[in-house]
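Quick setup: one chain, the form predicted on its own, written in structure tokens, and binding and motion questions come after.
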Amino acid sequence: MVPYVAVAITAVILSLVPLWIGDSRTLTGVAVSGLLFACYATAFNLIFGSTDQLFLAVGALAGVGAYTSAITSDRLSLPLPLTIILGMIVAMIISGLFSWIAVRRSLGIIFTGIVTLTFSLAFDNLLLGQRSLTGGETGMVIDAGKGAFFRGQIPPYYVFLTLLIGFLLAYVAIHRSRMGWAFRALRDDQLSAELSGVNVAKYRIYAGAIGGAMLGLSGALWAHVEGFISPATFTFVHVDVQVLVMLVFGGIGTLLGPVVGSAFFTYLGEVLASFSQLRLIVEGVLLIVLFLALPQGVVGAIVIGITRLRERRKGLP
């Protein structure tokens, strides 16, 4: 019950943010972006934090969902809900293929990262090259969804808040199931997991496919909420680096690590918005301090502290 209570409390706290922001369109946009990155980080946490698959194509997979949905809705005039589902499915298939390749070729963490990073760079070049479809570096204005409620100022916030809570609940449900048990087993020791009868290949592909579906859905929704996408929206530096930093800060493999990390760095980015170089320095220093002092991340350190406190109260050594 504790994980579900934590998600409920998170939902209540985040639902009150628009009251604090007020009528500021700029701050609302920052908050929506923070929720988007929390969704990205949660999906990445399911893939990397659960099964040690370093997918350095978070932005590319979200971009696949975004451009698939945008192109099929604007150019083919397909219904908007259908195009969003199509974007999610395409991203899910590609992500699942990454996991399948990694398993078939016995790729370690580093080589999996290299393969997915190569895809990310290739996807960026594809968007720039297919100007007739994607608009190239100038981007693509999306007409589908124009005038809908989610193009307003406040509704996008609650759209992505609902998506984030859904992702967190799915994360809890997965980790409380047999699949979650298998994830923990293969993350702790792959060889021992195999000897225990865990089908490592199957569960890694499951993690990759589910995480990819989450990323594709997030990207597709963002495309229609924002009404504009460009290659710069989904670059490795803009998305993957930020997501990795947020997750490391919050705590890899923890439920609320992605939320804490995205909230902190979204706020920090707004505070240091006028000092771009200073922001990079501050983020770098924070990460160094974090790795030295809190290698488990903020949420991980809190969980460990609570566990030790309970053991002391029970008189355990």
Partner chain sequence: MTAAILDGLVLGLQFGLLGVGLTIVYGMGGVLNLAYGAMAVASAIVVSVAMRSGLPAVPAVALGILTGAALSLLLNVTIMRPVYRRRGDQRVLLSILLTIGVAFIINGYLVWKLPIEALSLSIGGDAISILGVPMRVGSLLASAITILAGVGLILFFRRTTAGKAVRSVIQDEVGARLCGINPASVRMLIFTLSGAIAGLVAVTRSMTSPVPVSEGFSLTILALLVTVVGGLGSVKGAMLAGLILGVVNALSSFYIGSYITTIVLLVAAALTILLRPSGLFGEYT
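The structure displayed is predicted, hence computed values, not measured ones. Numbering follows the first chain given and starts at 1.
One more form of this protein should be noted, the form predicted together with its partner chain, which is absent from this view; the next part is about it.
*Asks:* With the distance limit set at 4.5 angstroms and only heavy atoms considered, check whether 130, 278 and 292 all reach its partner chain in the model of the complex.
*Replies:* Yes: 130, 278 and 292 each sit within 4.5 Å of its partner chain in the model of the complex.
*Asks:* Heavy atom to heavy atom, is residue 270 within 4.5 Å of its partner chain in the model of the complex?
*Replies:* Looking in the model of the complex, residue contacts with its partner chain do not include residue 270, since no heavy atom lies within 4.5 Å.
*Asks:* Give a yes or no for residue 107: in the model of the complex, does one of its heavy atoms lie within 4.5 Å of a heavy atom belonging to its partner chain?
*Replies:* Yes.
*Asks:* Using heavy atoms and a 4.5 Å limit, would one call residue 287 a contact residue for its partner chain in the model of the complex?
*Replies:* Looking in the model of the complex, residue contacts with its partner chain include residue 287, since a heavy atom lies within 4.5 Å.
*Asks:* Could you tell me if residue 93 has a non-hydrogen atom within 4.5 Å of its partner chain in the model of the complex?
*Replies:* No, residue 93 is distant from the partner.
*Asks:* So which stretch, 136 to 144, 121 to 129, 76 to 84, 158 to 166, is the one near its partner chain in the model of the complex (non-hydrogen atoms, 4.5 Å)?
*Replies:* Selected range: 121 to 129.
*Asks:* From the list 255, 248, 36, 260, which entry has a heavy atom within 4.5 Å of its partner chain in the model of the complex?
*Replies:* Among 255, 248, 36, 260, a heavy atom within 4.5 Å of its partner chain in the model of the complex occurs only for 248.
*Asks:* Among 185, 179, 117, 170, which has at least one heavy atom within 4.5 Å of its partner chain in the model of the complex?
*Replies:* The residue from 185, 179, 117, 170 that makes the contact is 117.
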